[in-house]
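Just the one chain here, laid out as structure tokens, in the form predicted on its own.
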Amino acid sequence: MEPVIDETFLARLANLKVIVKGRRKGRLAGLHPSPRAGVSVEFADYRDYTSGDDFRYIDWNIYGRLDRVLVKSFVHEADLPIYLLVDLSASMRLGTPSKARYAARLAAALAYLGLRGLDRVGLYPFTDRLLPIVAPRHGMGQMTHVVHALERMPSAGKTSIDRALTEFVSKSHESGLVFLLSDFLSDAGYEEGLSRLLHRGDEVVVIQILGPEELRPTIEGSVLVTDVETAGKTPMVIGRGTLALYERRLGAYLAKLRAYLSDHRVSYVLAPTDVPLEVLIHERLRAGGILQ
């Protein structure tokens, strides 16, 4: 099996970086703005003096002109925790390449961009629960841990995005940038889990990964349809009417998902597995304001 990621592909990511819309509080000097006052690299604004403020940051010139005690506040660059949540349920093993393989390669690319931007990157695979994680850390050495984990993880079991996200929030103690990579084919729903992330203050990017046969099925005739997550089998006769009904229902489901995410200001990108990964990254993620 070819590696999840290679040096040639990484070299083509050299001019990209992750965009962060909101300011985050970080722990080390990184590349994202953070609203901490104090010794910092960039002046931000003035605010009224309050008890306990450092006298060194009072602007005495303004005090002399306006008789107001104002304190300078600053923005410094801070690291950002980036969480890669990758769906590894049984439905993700479908397709050529499989949705799981596509998600793994995309997650590796995002990990590389985050680590190169001096951020902490962590990997949180899930099915209906969290699987063993790679805790967020700095440094390109973390790339090795992420890639090894992605190469070893099989796809199996049912999906529960709600349950997995609820567990993720309970085990990660800091808001950050969350990339959620999944086919979103889960009867259990996604609203409760996403609302927990948003309530905590995470910035969320949903990348829905679907195969071309899921988006534009061509199968016809008498078939035995197997649910890969439950192993349930259903005999069906599929004709043009059945395919048209499927496409309407899929379109309605995708429209509902997009509307929910748009209403909650969650970035969304559809990632069909027949779209080359480089095209997805350089064109669709940049067009969506996720990378630049």
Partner chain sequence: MIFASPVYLSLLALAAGIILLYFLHTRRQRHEVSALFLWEELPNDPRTRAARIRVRIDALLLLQLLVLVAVVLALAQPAFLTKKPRLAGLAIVLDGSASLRGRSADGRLAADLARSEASALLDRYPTTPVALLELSTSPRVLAPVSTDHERVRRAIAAWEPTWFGNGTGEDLTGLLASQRGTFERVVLLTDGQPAFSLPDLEVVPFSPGENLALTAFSVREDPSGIGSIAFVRMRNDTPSYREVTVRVSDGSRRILFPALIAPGEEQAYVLPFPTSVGPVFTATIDGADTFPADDSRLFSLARRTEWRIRIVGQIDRYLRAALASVGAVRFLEASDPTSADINVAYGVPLPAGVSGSVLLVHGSLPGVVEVGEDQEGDAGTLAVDAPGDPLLANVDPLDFVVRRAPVVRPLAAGVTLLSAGGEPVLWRADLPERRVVLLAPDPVKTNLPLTVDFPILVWNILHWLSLADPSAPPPALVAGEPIPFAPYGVPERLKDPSGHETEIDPNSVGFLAKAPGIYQLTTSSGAYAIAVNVDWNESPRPAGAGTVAPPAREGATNTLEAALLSAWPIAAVLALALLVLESAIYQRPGLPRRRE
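Fair warning: this is a prediction, and the values are worked out from it, not measured in the lab. Positions refer to the first chain, counted from 1.
There is another form of the same protein, the form predicted in complex with the partner chain; it is not shown, and what comes next is about it.
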query: Region of this chain that lies against the partner chain in the predicted bound form, out of 196-204, 148-156, 165-173, 87-95 [heavy atom, 4.5 Å]; finding: 87-95
query: The partner chain in the predicted bound form reached by all of V223, R240 and L245, non-hydrogen atom within 4.5 Å; finding: yes
query: Sole residue of V71, L185, L115, L131 within 4.5 Å of the partner chain in the predicted bound form, by heavy atom; finding: L185
query: Selected contact from R65, R56, R249, R265, since only one has a non-hydrogen atom within 4.5 angstroms of the partner chain in the predicted bound form; finding: R249
query: Touches the partner chain in the predicted bound form: R120 (any heavy atom, 4.5 Å); finding: no
query: Contact flag, Y46 vs the partner chain in the predicted bound form, heavy atom cut 4.5 Å; finding: no
query: Proximity of A135 to the partner chain in the predicted bound form, heavy atoms at 4.5 Å; finding: no
query: Partner contact for P217 in the predicted bound form: the partner chain, 4.5 angstroms, heavy atom; finding: yes
query: Residues of 108-143 having any heavy atom within 4.5 Å of the partner chain in the predicted bound form, listed in sequence order; finding: none
